[in-house]
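Before any questions on binding or motion, here is one chain by itself as structure tokens, the form predicted on its own.
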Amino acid sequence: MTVSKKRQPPVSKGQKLELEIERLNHEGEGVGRFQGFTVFVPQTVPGDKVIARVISVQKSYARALPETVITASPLRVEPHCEHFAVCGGCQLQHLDYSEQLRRKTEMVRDALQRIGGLDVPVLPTIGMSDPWHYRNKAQVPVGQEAGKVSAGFYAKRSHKIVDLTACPIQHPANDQVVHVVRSLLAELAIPIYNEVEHQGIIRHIMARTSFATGEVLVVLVTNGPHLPKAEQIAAELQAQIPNLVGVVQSINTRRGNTVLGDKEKTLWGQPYLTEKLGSLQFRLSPRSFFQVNPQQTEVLYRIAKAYAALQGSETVFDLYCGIGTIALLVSDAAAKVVGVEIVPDAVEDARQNAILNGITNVEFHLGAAEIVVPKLYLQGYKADVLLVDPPRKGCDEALLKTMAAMQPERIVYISCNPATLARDLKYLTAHGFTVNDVQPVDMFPQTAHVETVVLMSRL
């Protein structure tokens, strides 16, 4: 009997390969093949012919870095950012924007087919007329190398900080905050956090800017409660940052990648800023979830509200409701809206936002959706329309089971992850629902991420 040997990868680490890039994967990397073996190459686009050096080899694929572009694809454009080659913040600045949108539509369609087994039409991704400077929040780690303070995003697949002068997808006010704080930390000799040794004080800088009001909130994340020269830092920020409304210290003594801590101190001003969507105002505290692209958020939520097709008599559930944005936006067309959110600060903000806007037909419940919603269902709560906007991991099966048991007329599912979206839609279509519309929205231009809103109805 002949024992077959497993085929060894035809490439090795350090080898240089000539590759033609066929497509992009879900992370925005170019996909080429060498002797039928898959090789992922970042910063390439379909149609490129490149020389790439292999940096890692797995059983079924390898990764390589481009060294020379032999023939550039007509889809390739010059990146706006000088840091694009090393920074991990963006993946697609080198790809024509119309092609970015087409690729994101394909990514959603592919996930629904491959993971969900759903052969449904996917509408073209809705893009931006100006896909730059759209982010209302910067959250950057702080480090120190050779005595110099650095602040920026991590380099690709590392925790090495790329010291940024400016970021072309950030609101300019956020860039200014990072620049001013970095200079102050150096000038005042504030100890910088070292994540390996778990020593030092300043870990991250977070800046939030309201596109509607211009207000700016600064959050300094510290490894412990003591921040040297805190009053001086707050005073300098007041002097140098226009429209500053508050300076907050977030205390995070844990190891790991979690940015914000569980305790906060207001060093100056107020611990929140005000943002607007449509005619409504929203209070955002440091840990409040709010979409990072306000312009496209208006588009996304307008579609979600249209899909909900409310007539005024319905009870609506808004799951993973955050600070209550969607719940409050649809409240004028519903009889009652029930929001569920796991973050205590966000629930408090949601309740305050309801008061701020004079909205009385909403209620917000604190806790994990997969625990709270089944309890509410057993208590007699029932939704006519379900709005769901979960984190990247999607919905827990216990929640999906309750959603199906409620038998709502419609489910509007908003997702930032096509893979978990497809998985959850597969479950719901197997339990009495059908997919009516799939609309991707480009919330994150220049990156490989895409937001999708889906309308489902009961069979």
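This is a predicted model, so every value here is computed, not measured. The numbering used is simple: start at 1 and walk along the sequence shown.
Beyond what is shown, the protein has a form predicted in complex with a small molecule; the following relates to that form.
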Of 289-297, 221-229, 305-313, 127-135, which is the one stretch near the small molecule in the predicted bound form, taking non-hydrogen atoms within 4.5 angstroms as near? 289-297
Would you check, heavy atoms only and a 4.5 Å threshold, whether residue 432 touches the small molecule in the predicted bound form? no
Is residue 275 one of the residues lying within 4.5 Å of the small molecule in the predicted bound form, judged by heavy atom distances? no
Under a 4.5 Å heavy atom criterion, is residue 349 part of the interface with the small molecule in the predicted bound form? no
Is residue 345 part of the interface with the small molecule in the predicted bound form - any heavy atom within 4.5 Å? no
Do all of 170, 214 and 244 end up near the small molecule in the predicted bound form, with near meaning a heavy atom within 4.5 Å? no
Name the single residue among 389, 175, 384, 236 that comes within 4.5 Å of the small molecule in the predicted bound form, judging by heavy atoms. 389
Note: exactly one of 326, 92, 140, 112 sits with a heavy atom within 4.5 Å of the small molecule in the predicted bound form, namely 326
